[in-house]
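Included below are structure tokens for two forms of one protein chain, each presented in isolation as structure 1 and structure 2.
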Structure 1
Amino acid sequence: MSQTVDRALSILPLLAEGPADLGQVADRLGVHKSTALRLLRTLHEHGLVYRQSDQRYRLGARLIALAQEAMENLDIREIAHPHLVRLNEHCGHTVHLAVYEEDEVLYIDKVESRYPVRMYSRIGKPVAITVAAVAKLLLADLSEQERRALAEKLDYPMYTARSTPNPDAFLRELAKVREQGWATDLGGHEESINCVAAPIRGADGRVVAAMSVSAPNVVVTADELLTLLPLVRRTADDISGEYSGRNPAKNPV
């Protein structure tokens, strides 16, 4: 691990919180201003940070472009997208696609609800890993050691009274999800929002992604949402089949 690079990269999450000037960056890195300046200059040359008119630094445009390319390289996304759209056209609710990577679960695709009430979420945003239905599916597929290790490491914020409270409860939930092959989040993240989710598997049976349908109570009750479960699972299986090369696409574009 390279100290210089390590410091430089530490600047990025720092700037993600908002613009900062040279002094602030230097302080938070714990280095001299001149050192911070040179690191920032290097980041600037690569377009990862931008210097706005008030001289402060913020994250740059190339970072966004890079992330864009990163997502285009995720072929699961390309394959799944039309299926997600079709599911949304059928049920009208918000549809998400998520993957697991290095202790994080994040949304990589989303089709917005066609109801006026929408839920907040953004592609690229890490999800609430201890409560989200897609997170449960992705983590349930890890080995038991990995699950235990991760469960201990996590925080368990009580978003609502029904949030997963601690590692034990989380591990039990993962075991259940692993068993049944699907997952729900019934008001564990936001009081009035429910989700049902199903796993997408690669050729070797490992879970490579998970998809979910989310809707607020004011639109459908949890019970009504659960009636969609068979459809969600079928859609996930279709994507699995196409991803692992078993089935060709039904509606090639």
Structure 2
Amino acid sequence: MSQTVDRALSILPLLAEGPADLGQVADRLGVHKSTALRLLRTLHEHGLVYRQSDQRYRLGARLIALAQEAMENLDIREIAHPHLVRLNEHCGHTVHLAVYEEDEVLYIDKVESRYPVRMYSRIGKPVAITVAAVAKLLLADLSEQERRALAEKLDYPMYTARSTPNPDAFLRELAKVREQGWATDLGGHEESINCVAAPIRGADGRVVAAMSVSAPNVVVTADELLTLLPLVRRTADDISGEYSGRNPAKNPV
């Protein structure tokens, strides 16, 4: 990389920490003030930095707008899919990706199990919101007020004896999931199906999607599936890192 470009780009993380004057920028870069001023002027011309009335520099509105536009155009499914495939190749079980939209949790991607027993879930289909592990993660990230309002208006069908029975139980489960950072559905929707899930977070730390691994009891027991939780969480963290721009793409397994 050009030394000039490298120095100019090095200014942006500095200003992300807060406004800085010319001397501070020059000291951080290890250059003369005239060199730092030339770099700052170029960045200012492109709207990437802004010179305040106190002569200190901060990040410019153009940079913030570009970052926002980039985030809005990111496709979480496109980013996550290779990771989901590799996880499926590693464990062999069904892998799902889900998001929360307009009071529904929807599957937006699925990688089928390599075993003969298949799940009936479909891309674009809403999940059983009161019991699904991915739903618990997505809803647990809502504010307390939002969680309570949602819990009060949901129905609580008893799919199995392990289904969530009422709003109080649902809120307790969401609080638990919020604290531990992962979720399960152990026979809550179907007696014979177990699931472990982990959150995918954006640059601001908020949960933008959730991924899960599901399998029937005839393939693995619930305890055996739970041993995959560290791998599921690591995969979700890798997707989070790539989606937020913190980490480059890499093989999660």
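Sequence positions of structure 1, starting at 1, serve as the residue numbers. Worth saying up front: this structure is predicted, and the values here are computed from it rather than measured. If you superpose the two forms and keep the largest set of C-alpha atoms that fall within 1.5 Å, you have the rigid core.
Of the two forms shown, structure 1 is the one predicted together with the DNA, while structure 2 is not.
Relative to the superposed rigid core, the position of the CA of Pro13 differs between structures 1 and 2 by 2 Å or more. The Cα position of Gly23 differs by 2 Å or more between structures 1 and 2 after fitting on the rigid core. Core-superposed comparison between structures 1 and 2: the C-alpha position of Leu48 differs by no less than 2 Å. Lined up on the core, Gly60 has its CA atom moved by 46.7 Å between structures 1 and 2.
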